[in-house]
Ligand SMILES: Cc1cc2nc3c(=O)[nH]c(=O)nc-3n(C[C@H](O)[C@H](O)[C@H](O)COP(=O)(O)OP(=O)(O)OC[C@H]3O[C@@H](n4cnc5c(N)ncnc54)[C@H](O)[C@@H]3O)c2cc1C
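To begin, one chain is listed below as structure tokens, in the form predicted alone.
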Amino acid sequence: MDFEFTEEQLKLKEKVKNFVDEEVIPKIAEYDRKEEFPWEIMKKAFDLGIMNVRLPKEYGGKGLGLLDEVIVIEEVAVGCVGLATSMNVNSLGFEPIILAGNKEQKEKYLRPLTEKLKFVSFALSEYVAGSDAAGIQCKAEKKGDKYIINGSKFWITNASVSDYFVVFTKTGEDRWKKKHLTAFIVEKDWEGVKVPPKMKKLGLRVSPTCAINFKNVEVPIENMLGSEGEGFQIAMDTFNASRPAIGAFGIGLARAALKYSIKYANERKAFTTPIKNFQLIQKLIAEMVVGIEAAKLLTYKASVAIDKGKPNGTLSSCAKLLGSKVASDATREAIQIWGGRGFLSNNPVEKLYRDAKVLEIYEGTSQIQEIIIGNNALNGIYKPDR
């Protein structure tokens, strides 16, 4: 086993790190305070070529692998996991098109993402259906050569800035709910599509989260992804590819917590000595280091499996579960190391703590990941000896 990045990946990592140090860290706190979308930073990231890195070459993209994408977003998450979320949600949005789109759909909706800064959102969750993806109520009814969509989506990242959405709808009535989900590409400026103002959130304040309302929206049949009834599988296959990215978000966030904790522990004195000399502080730092290194290996392993054409749902869920936990633990302990100062909003660890919580919620809660992992083990899908 080779645990080293290639020379090209190391150069990519260094390029993103420099971008984060120069463009993100000095500016992002102000965007967070104002709860503004960082258009200027996003434009620079796009111009630098560190967005949409997995888009296929035949549609103008770089054609890089998931591990390359994970390298990028881990480094961006060191600077701001909200920025990393909004950058990477394009991958969540275009993954269903890569998986299930035909050539015409890919040409129409993937190529523009490589030509100018544009966003595409993944619209599955609803107010009444989060973890229960098969329980969505947004409905699409076929009328001639079109489908008419009515309903709403909730918790949709980047909805206010996206140009189009991959929308999952109900297209039938049956006790086997999974058989009646269908995915469509819906453009934001179509009649009947409305995006209300963004929601106020605990963290990820630079990343807009909105509802989307659909009222008699006419969608051409050629905008269906795959066939009617294939939506649930498309969504699950998308999550298998996207969940390692959440692990990378967690790694980057934990790395930032570790960095600020080490800096403060070296500077802060108590009882006439730097607090780094206290064994309890050393214990907290050690736990951060172990968590980061473990989450790295698991996230990279899950990513490489996908790049090799052998996606492993158990590994993807493990990566998300552990990365989220490591981030939550590290940011909590960072505030403990900083003490009262860490509780103040003008210090960096406070933002890290606020941002970390959502990693245990979006794209499948930590509890859902545990159910997936447990069921896969109990039903022989996961085998620990291979």
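Don't overthink the numbering: it's just position in the shown sequence, from 1. Nothing here was measured: the structure is a model prediction, and the numbers come from that model.
Below: the form predicted together with the named molecule, not depicted.
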{"property": "Among 331-339, 356-364, 45-53, 64-72, the region lying within 4.5 Å of the named molecule in the model of the complex by heavy atom distance", "result": "356-364"}
{"property": "Contact assignment for the named molecule in the model of the complex, among Asn90, Asn312, Thr209, Ser261, heavy atom within 4.5 Å", "result": "Thr209"}
{"property": "One residue of Ala257, Val76, Ala295, Ala123 in contact with the named molecule, assessed in the model of the complex (non-hydrogen atom, 4.5 angstroms)", "result": "Ala123"}
{"property": "Interface membership of Pro112, the named molecule in the model of the complex, 4.5 Å heavy atom rule", "result": "no"}
{"property": "Contact label in the model of the complex: Ala84 to the named molecule, heavy atom within 4.5 Å", "result": "no"}
{"property": "The named molecule contact at Thr157 in the model of the complex, heavy atom, 4.5 Å", "result": "yes"}
{"property": "Contact test in the model of the complex: Gly192 vs the named molecule, heavy atoms, 4.5 Å", "result": "no"}
{"property": "Heavy atom within 4.5 Å of the named molecule in the model of the complex - qualifying residues of 189-211", "result": "Lys201, Leu204, Thr209"}
